[in-house]
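What follows is a single chain, given as structure tokens, in the form predicted on its own.
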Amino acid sequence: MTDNQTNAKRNRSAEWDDFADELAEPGKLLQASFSGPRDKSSDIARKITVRPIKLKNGVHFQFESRLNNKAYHDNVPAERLKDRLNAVMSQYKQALFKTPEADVQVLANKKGALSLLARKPTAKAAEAPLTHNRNKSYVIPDGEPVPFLIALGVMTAEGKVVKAKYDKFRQINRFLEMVSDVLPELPRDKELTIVDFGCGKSYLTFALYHLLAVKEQLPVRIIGLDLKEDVIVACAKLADQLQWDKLSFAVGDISQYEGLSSVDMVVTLHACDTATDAALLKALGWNASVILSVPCCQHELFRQVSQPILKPLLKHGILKERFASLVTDAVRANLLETAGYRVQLLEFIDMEHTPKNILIRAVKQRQADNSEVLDDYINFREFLGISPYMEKLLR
């Protein structure tokens, strides 16, 4: 390395060092984001964002990262900001810092040397909220009138969410976030066909149609299926009022439904006990690209689980019930994996405002070697002495 190169490297290092010091000054750092992780492993967030927040003990800087659809926050006091920025910058290839004077892009080369490039500022101090509890950015925002939500009593005509319905509003948006994540997995060369088994009052069925047909402008046909005729009649009436001619409803049983030969997405929320398995089996039979399932009332394996080593747990009814419920969802997830799906288990808030439960999200893979998954599943099944309904019908 020449003397000029050495001096240039030192100058860049000093420039970053000075800049990092300045960022801790009041009102200096408005927003920041780190991207391009050097390590591609799954435990490194693809992006980290930073913003100032006001806490009881003064202004801190909140570092937010997302891993496996969960957000993680760490509030760092101003005196520790520089150390944290140095630590995070060492893990990423680039960062963007927004200050009142300039937007500063920081780039790291392969050896970790940093270069800074300043541009005109794009953020103002007023755009940097200091409140700890920000309004969440929803797929369907509060304050924007949405006809189906108004008709269902979730919103007023002005677009304000009804206070008593806010939990439902949050649940609808949570569901749409999960759907939005897998939209790239759906085919785009044809009209999409989606079936919602056990649709009930169809808050989420209408929300799904709104997202795909109205917001995304995708060609889609959605069918809601439920056993309650009065509910189906009411849903069909609302779909007609909204003039959503590609959203239809029918009375029918999941296991006996034969109305379609091919389906792209299957949704089944709160189908009781083995009705969830029946819906998953239908989805597998259709080779659906995406499956979204929130199981309910998992009773089947409660009567089957038997393992002397687990007696300290299983002898307590309430613990056995919860354990059997988790085992049931583990069985479903693993069987979907053996059928060639990539499976995630995510937290989901149901319509009755009960504690968070599990949503199974499965995406069809083009190629997958699932022999190890199958071996692990068989060992798991034999250890617990169970014979699941879903596996028996898959044979």
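Being a predicted model, the structure only gives us computed values, none of them experimental. All residue numbers refer to positions in the sequence shown, first residue = 1.
What comes next is about the form predicted in complex with a small molecule, which is not displayed.
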Practice item. Just give me the single entry in 200, 159, 121, 77 that has a non-hydrogen atom within 4.5 angstroms of the small molecule in the predicted bound form. Key: 200
**Study point:** Contact residue in the predicted bound form, chosen from 265, 271, 95, 301 - any heavy atom within 4.5 Å of the small molecule
**Key:** 271
Point to revise | the small molecule contact at residue 228 in the predicted bound form, heavy atom, 4.5 Å | key: yes
Review point. Contact between residue 252 and the small molecule in the predicted bound form at 4.5 Å, heavy atoms?
Key: yes
Review point. Does the small molecule come within 4.5 Å of any heavy atom of residue 174 in the predicted bound form?
Key: no
Check your understanding: With a 4.5 Å heavy atom cut-off, would you call residue 282 a contact of the small molecule in the predicted bound form?
Key -> no
Review point. Of these, 145 to 153, 83 to 91, 109 to 117, 253 to 261, which stretch puts a heavy atom within 4.5 angstroms of the small molecule in the predicted bound form?
Key: 253 to 261
